[in-house]
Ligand SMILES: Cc1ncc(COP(=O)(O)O)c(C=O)c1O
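Next up: just one chain, as structure tokens, the form predicted on its own.
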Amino acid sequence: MYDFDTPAPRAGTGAIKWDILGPAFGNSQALPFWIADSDYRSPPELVEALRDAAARCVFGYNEPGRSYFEAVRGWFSRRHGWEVDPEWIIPSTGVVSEIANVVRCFSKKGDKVIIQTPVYDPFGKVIEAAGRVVVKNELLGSAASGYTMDFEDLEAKLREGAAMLILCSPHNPVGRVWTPEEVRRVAELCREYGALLVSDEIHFDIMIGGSRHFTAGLAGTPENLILLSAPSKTFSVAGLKCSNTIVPDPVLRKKLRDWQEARHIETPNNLGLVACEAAYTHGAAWCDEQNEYLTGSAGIVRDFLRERLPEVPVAELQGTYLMWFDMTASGATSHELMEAMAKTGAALNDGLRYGAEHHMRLNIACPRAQLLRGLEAIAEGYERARKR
């Protein structure tokens, strides 16, 4: 039995989530529910592996060994039912930075890249920074009714000549776990219209209420797929800078490797490799218990809102630890809501950054005592912001 109720000591350690609350939100004493990392300790088996690595007292140039690739292969096989050839795995330094590399490697300036909004805001930023054109395929539905993909609009935009689609699976911030049928349809459309499918599956282990993730690797179109994953969200090791890029097609894989080598993009942090291998070798039980804990926490949030803020719909959380609120009934903007809640003691992300005004995103990966205090602050801030 693992402990998710004891908070990790993060304030004053340089943790972005905790230590820039003053500049970012105007209240250094607010509780942080914004940046997507966890406020309980990582698995003890992972921590012990890092201690053993540090005890060697040398931190020179390293390459991942056979055991690393076997750990990644085994995790995909056991957890997601996809048999990954170790040759397909390219260790990388982070999912966002690797998306930036993929955009630059496999498209040219002026090319169109599709994202499905509201969505994780760095997608649009790295596309624009590369001189490519962001094309938005808006999700259908709402927090109240649930979100689905607009396949008619997606096909129209692929037909117009988009170079690639960035799929967020599970979806951040709306919390959807896409069904096998949805993922297969996306893959088929990308193949039909010659677009590269770039699947960001960084949250793929965080399943709520018994949901099951369907990886794009099983969608049957490996010739135009690049899949990105990492242990960073699951095990809260984002600062160790380790992710994995899975490229089944040998032509695409060689092109990406050549592009990276020409720019001296090195392998991940040594300790990141250690953490990833340990997590994927020993972390299954911890991951399962975390999912149970988060499922309970999501229920607490739903019950609280139903009682205290019944006019605020919350999207059903199927995957990730990020909950999505529609606060349109307040009459306040996302920024006004964020400011009011920060003053009352809860720092949340405003929905406008993801492309949805009047919405807010809440990170529930924290001890429940912290979550409960935060919910009270959210309710108070909402009442202050509400236009009467």
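Residue indices: 1-based, along the sequence shown. Predicted, not measured: the structure shown is a model, and the values here were computed from it.
Not pictured, yet referred to below: the form predicted in complex with this ligand.
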Next item on the list: Give a yes or no for H203: in the model of the complex, does one of its heavy atoms lie within 4.5 Å of a heavy atom belonging to this ligand?
Entry: yes
Next item on the list: Check whether N101 has any heavy atom within 4.5 Å of a heavy atom of this ligand in the model of the complex, and answer yes or no.
Entry: no
Notebook entry, point to check: Does any heavy atom of Q318 come within 4.5 Å of a heavy atom of this ligand in the model of the complex?
Noted result: no
Notebook entry, point to check: Is the gap between L139 and this ligand in the model of the complex 4.5 Å or less for some heavy atom pair?
Noted result: no
Item checked: Listed residue that, although this ligand is not shown, lies within 4.5 Å of it in the model of the complex (heavy atoms), from A49, A36, A340, L352 -> A36
Note to self: Between C168, I127, A162, L294, only one gets a heavy atom within 4.5 angstroms of this ligand in the model of the complex; which residue is that?
What the structure shows: C168
Next item on the list: Pick the stretch from 91-99, 259-267, 245-253, 184-192 whose residues have a heavy atom within 4.5 Å of this ligand in the model of the complex.
Entry: 91-99
Check: Using a 4.5 Å cut-off on heavy atoms, what residues in 107-122 are near this ligand in the model of the complex?
Finding: Y120
